[in-house]
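Provided below as structure tokens are two forms of one protein chain, presented individually as structure 1 and structure 2.
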Structure 1
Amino acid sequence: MDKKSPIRITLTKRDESVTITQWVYSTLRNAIMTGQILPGRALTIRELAAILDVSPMPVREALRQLAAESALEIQGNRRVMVPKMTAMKFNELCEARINLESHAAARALPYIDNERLQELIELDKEIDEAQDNDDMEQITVRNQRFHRALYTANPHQITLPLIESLWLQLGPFMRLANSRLEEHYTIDRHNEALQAIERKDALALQLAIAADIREGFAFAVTPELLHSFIEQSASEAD
């Protein structure tokens, strides 16, 4: 039996103005999002500290924060790991996303002025560019930026942290969701959303967002397909 699977984490240069804890947090968060840490693998403070070349202290804090966001799971034995995905859990996360995000979109609608609308149109264009370049990394980043810009139009908005928690738990699947585009022709739901915004049509906006999310995960439309994706990640589970 070989030793524990090695952990490969993409490291970025730390901005001096940012605390080490914050840097560790976003590094680990990004690693989880991109599926670099496979579910079920036990994470130890000292190991991560060695990998990131920092003292155990900031790692401790970052792990606790990620656990509070359900990005990590603390087992009874105080062991920390990326939670394993199941088909049912995946489904729950998707439905929760649809529910929460269409809610957030509708609540943001009254606050979307022309300036914000132009920003959204601009962000949508940037997504198209990333799609033309097949840049999965950028597609995901800009897609999230689009959704965030929409929801945060509401100055009293309080759901974004909850939504981000769902994104985190969906983790690597968020990326897969954006890779579908070549396969089957899909309607541009973002455009549909933008039109609904111009018309101030809350229901249409909700439907567009819901469809956008649902179609993003269309690759998992059959239980078999979903299962293969999950197994692919959970290969090394106990």
Structure 2
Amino acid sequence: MDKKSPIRITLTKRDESVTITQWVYSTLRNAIMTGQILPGRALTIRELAAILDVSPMPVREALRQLAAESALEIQGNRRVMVPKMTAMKFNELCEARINLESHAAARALPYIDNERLQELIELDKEIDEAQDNDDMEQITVRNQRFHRALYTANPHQITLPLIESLWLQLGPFMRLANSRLEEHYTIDRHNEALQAIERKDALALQLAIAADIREGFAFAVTPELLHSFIEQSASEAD
């Protein structure tokens, strides 16, 4: 991808109760989390304001907030980029996801009733449809919906903001990661998770979620493979 090539950001209708700045932040956050902005793509406030059809001020405020969340990096020339990824940082983010999400899943298990289970089953079917259509963006979107629906079954959960922060930092790499799912993701871990929920087996659920995350990033199982992937990400942004 050329560093100045057009980008596509999914726009949603702004509710009247939501300020323009909040809408801009939410829109850009979703674009990063779902991989619509790839690593290495240079952005400017003016460009983003034009895409979102707003003035530069709410864009500037949203970018400051996203930079504070380590999702973007504001450079001295007023350009904005996805922060550079290192092998150590990548591994830390993935391990943090495994620890937090397996914990969140186990804590949610006692609260998953039949209605929530059916919702999870339907979401898993939607993921399969996106995979059949090779829709990399929707694979990410629907996978996040599945995990979010699982964890929020727990009415007392407090980990979702932390989990979404990790999704945000890994988001720019997810589209590239999803393009390699068939190479490493040979067992349906979501199906294993659903079976564990039906049995009320917390340990099996934790293991399924951990395997789901780990195998999703199996393309980077060694430092050498990870370095190669990061280099590929950078080259596709050139």
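Between two forms, the rigid core is defined as the largest C-alpha subset superposing within 1.5 Å. Just so you know, these numbers come straight off a predicted model, no measurement behind them. Numbers follow structure 1, counted from its first residue as 1.
In this pair, structure 1 matches the form predicted in complex with a further copy of the same chain, whereas the other structure does not. In the two-part rigid description of the change between structure 1 and structure 2, Ile213 is assigned to the same part as His103. The interdomain rotation between structure 1 and structure 2, with the chain split into two rigid parts and fitted on C-alpha atoms, amounts to 28°. Once the two forms are overlaid on the core, Arg78 shows a Cα shift of 11.1 Å between structure 1 and structure 2.
The shift recorded for the CA atom of Asp15 between structure 1 and structure 2 is 5.2 Å, with superposition on the rigid core.
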